[in-house]
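Just one chain follows, in the form predicted alone, and it is written as structure tokens.
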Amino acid sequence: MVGVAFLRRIDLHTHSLASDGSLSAEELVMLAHRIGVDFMALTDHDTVAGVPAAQAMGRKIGVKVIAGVELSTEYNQGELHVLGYNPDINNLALNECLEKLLNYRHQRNPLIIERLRQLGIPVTLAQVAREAGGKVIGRPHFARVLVKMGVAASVAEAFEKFLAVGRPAYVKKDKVSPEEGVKLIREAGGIPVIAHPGHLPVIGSAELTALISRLIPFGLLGIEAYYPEHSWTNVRRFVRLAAEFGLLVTGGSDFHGISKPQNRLGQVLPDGGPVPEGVRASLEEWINLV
């Protein structure tokens, strides 16, 4: 453990049907309310489309919902995800970037369809679009179609066999640079945070320190240290790094619903526990400062 008290009332990393979650924004907030989370951020991939509905539901039932987004950026032949807390969701430059990323997804989806067909799996884009419910199509929607077709026993198996990086139906999507992502969020009035640094292709201390140093001039303000798939060793390391650079420490479950059933709403630590007490106050203080 890291020597702090805990409250099960905060989750700063969640996804809805607006990207690749399995619940609508309203359903997500209602679930948060039922399990005792009263402070959360909706951080859909490359879109803020679900934020207004989530915040409206939050006001109705007493859950504080922070506007958020999770940008996909390019890093070492992999991805660096940048969380943005409390940006102006109507900011022109931010929305132009999100539209560009959405177009990248639209260009990628037919290529995934073609690769699946080459494997003898006759998936159609219409099937996947129905699964997405009119929202942004992502790989979890392809996975759910494959499960319904009987090609995979579960969403996890669909990724493992076909859709994960390096698998036969994976298609790399274009992304913005980490510097551009951080700068866009900061200039939109938001708080840019490195998401789940334990997922980065290279997470050695020297490399991560260099990455943080590289992004601070562009406006980086935080690190998501508390995350259910981090080891306790990495949690402590990321907390120390945040202190070293004077950055905000955040935490979230990365809840998606049925596509990532192991990630449970409100449970953000390696042992399944909640976000440390004080994260909420720190985030609110940073929001007031920026």
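All figures in this text were calculated on a predicted structure; none of them were measured in a lab. Position 1 is the first residue in the sequence shown; the rest follow in order.
The form predicted in complex with ligand AMP is left out here; the points below concern that form.
- Note on the partner interface in the predicted complex: the residue among 87, 178, 197, 138 having a heavy atom within 4.5 angstroms of ligand AMP is 138.
- Heavy atoms within 4.5 Å of ligand AMP in the predicted complex are found in one stretch of 185-193, 121-129, 105-113, 207-215, which is 105-113.
- Of the heavy atoms in residue 45, some are within 4.5 Å of ligand AMP in the predicted complex.
- Within this chain, residue 81 lines the site of ligand AMP in the predicted complex, having a heavy atom no more than 4.5 Å away.
- Ligand AMP is not shown here, and in the predicted complex it never comes within 4.5 Å of any heavy atom of residue 162.
- When contacts are judged by a 4.5 Å heavy atom cut-off, residue 256 counts as touching ligand AMP in the predicted complex.
- Judged against ligand AMP in the predicted complex with a 4.5 angstroms heavy atom cut-off, the residues 20, 173 and 260 are in contact without exception.
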